[in-house]
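Look below for two forms of one protein chain, each set out as structure tokens: first structure 1, then structure 2.
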Structure 1
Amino acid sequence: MKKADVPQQSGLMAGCREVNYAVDDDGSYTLAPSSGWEAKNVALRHAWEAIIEQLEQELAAIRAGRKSPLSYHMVKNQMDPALLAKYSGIPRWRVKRHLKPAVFAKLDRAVLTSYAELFGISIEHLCRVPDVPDLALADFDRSESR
């Protein structure tokens, strides 16, 4: 692809730019910044819609008393128990136990701090969830079609 043809279709990259290889006027490969392209925007839109739908399911499970608030923050940060265990340094079996509301409610401050720091939120924020997912496509969408 020629450098002049590198797509510049803003979308769900939240204002970020990526670098692609392109061919310059001399026929050499060079780096060319791009603000996105349509196919990638469509794929990102589907991925974010799936994450928001999963967050809604987590909220329903939390309200029903089947899961702890940790599950919401884990999904919001696109993690599963294995990844959360790896990043937090807490064994996977314990992370899975912490997804149970009764166990989560008894966690000591050190464990809560570990999770909160990992997610970049306060302990108080970790222990509660919003009424609706606090993640919206509009937060990421920079396309002109909005």
Structure 2
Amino acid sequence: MKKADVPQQSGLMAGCREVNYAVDDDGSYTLAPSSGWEAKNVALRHAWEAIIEQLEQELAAIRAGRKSPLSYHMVKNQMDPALLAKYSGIPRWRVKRHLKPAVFAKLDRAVLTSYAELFGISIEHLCRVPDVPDLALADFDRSESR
């Protein structure tokens, strides 16, 4: 890659710049700052769209009374029951049970606290879900990638 070809196509990097290795005019390697690359932005956006889609499905399932709010927060933190079990120290079969609304409603405070602390939110927040996925992605514009 030539230095002049180092891409400057910002995407989801929130203004951070990274460095790329590129060759300057006399053929020697140098470090060149880059604010992003379209190929990479597409792949990253694609991955986030999948997460948002899954969050929307979780929200629909929660509204329909098929799942507990925990499932939303789990997916929002990019976890599955296995990973959530590892983080919380609660066995996987119990984590899976906690995804059921009836079981979740009866959980005691200690268990709720361990989930809430892991996700960095309050217990009240853990028991609630928003109407639409609330990801803090400043530059994310879904219309752009569609």
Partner chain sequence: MNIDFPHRQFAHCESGVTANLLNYYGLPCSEALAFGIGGGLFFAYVPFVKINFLPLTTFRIGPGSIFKKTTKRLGVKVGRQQFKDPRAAEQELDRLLASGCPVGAQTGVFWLPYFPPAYRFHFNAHNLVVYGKEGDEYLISDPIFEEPVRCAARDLRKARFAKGALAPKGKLYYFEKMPERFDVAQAAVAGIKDACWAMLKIPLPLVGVHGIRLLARQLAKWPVKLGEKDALQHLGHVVRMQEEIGTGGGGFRLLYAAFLQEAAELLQNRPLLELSERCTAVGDRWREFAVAASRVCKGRQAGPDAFRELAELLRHCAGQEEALFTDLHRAVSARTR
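The term rigid core refers to the most C-alpha atoms you can superpose between the two forms while keeping them within 1.5 Å. Numbers follow structure 1, counted from its first residue as 1. This one's a predicted model, so the numbers in the text were calculated from it and none came from an experiment.
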* Choose between structure 1 and structure 2: indicate the form predicted together with its partner chain. => 2
* Using the core for the fit, does the CA position of residue 69 change by 2 Å or more between structures 1 and 2? -> no
* Per-residue Cα shift, residue 6, between structures 1 and 2 [Å; core superposed] -> 4.8
